[in-house]
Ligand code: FER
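Presented as structure tokens, the chain that follows is alone, the form predicted alone.
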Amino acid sequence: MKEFYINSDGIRLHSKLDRPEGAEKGPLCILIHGFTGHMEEDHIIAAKDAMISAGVSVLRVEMYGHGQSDGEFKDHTLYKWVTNALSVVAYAKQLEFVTDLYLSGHSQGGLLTMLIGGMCCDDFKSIIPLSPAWMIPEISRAGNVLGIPYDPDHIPESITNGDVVLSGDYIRVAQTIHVEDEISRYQGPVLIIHGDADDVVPFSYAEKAVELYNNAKLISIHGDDHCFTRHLNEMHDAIENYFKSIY
């Protein structure tokens, strides 16, 4: 494992690169955590391990305001994450060992995967959103984020739920994003993995996404929650089997 930072317009993004034992040239998957998350969460480690088992190198990166990357959590926005992700894609594309590039992310990282998949549609052989929280722009426009209602036409300077504080800019940015535009741009294969008992991102969003994509498959983890805590092995096996079916 190699640990380092990727520069994104002056923001240092904490990164780790894991490669299968004895690997030379081969595929690489960029793997991104979710909202309030980081690269060492159990479900991120399980996804990484599944990819390594299938012979795929993994580049885990922590986005703005998360983990050991620069920036304050309260100041992060989806625009900042998009800028970060584009920097990571540029970094991955210049790695000499990479033959094929993949992108995967969990929750808000899954939303980011859907956005970057469309923006960089020629760069990825496949994208793998995990419990993708692509309802964030929709609920931001509706006036309810973190379970806190607000007037969507008069956004507060910040919203707070417990220890989680977000700047109003997070909402302002999210309101401008229409994920369906990027869904329509990505024509490659898509694998969505989602627990059907997810109480954070309703399973119906995964069902809607798989219908909107041109070439998508949905794997439902029965009875599982947002972070796959009940059947983590099933999420792991779904990812490993997917990559083994490709190579």
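Keep in mind it's a predicted model, so treat the numbers as computed, not measured. Each residue number is its position in the shown sequence, starting from 1.
Only in words, not in the display: the form predicted together with this ligand, which the text now covers.
Residue heavy atoms within 4.5 Å of this ligand in the predicted complex occur in exactly one stretch of 128 to 136, 84 to 92, 97 to 105, 112 to 120, and that stretch is 128 to 136. With the partner removed from view, the residue among Ile52, Val200, Ile45, Ala197 that has a non-hydrogen atom within 4.5 Å of this ligand in the predicted complex turns out to be Val200.
Proximity to this ligand in the predicted complex, defined as a heavy atom within 4.5 Å, singles out one entry of Lys16, Arg12, Arg230, His226, which is His226. Interface residue remark: Leu166 is counted as part of the site for this ligand in the predicted complex, having a heavy atom within 4.5 Å. Put simply, Val173 is far from this ligand in the predicted complex: not one heavy atom of it is within 4.5 Å. This ligand in the predicted complex comes within 4.5 Å of no heavy atom belonging to Tyr64. Contact annotation: Ile177 falls outside 4.5 Å of this ligand in the predicted complex, judged by heavy atom distances.
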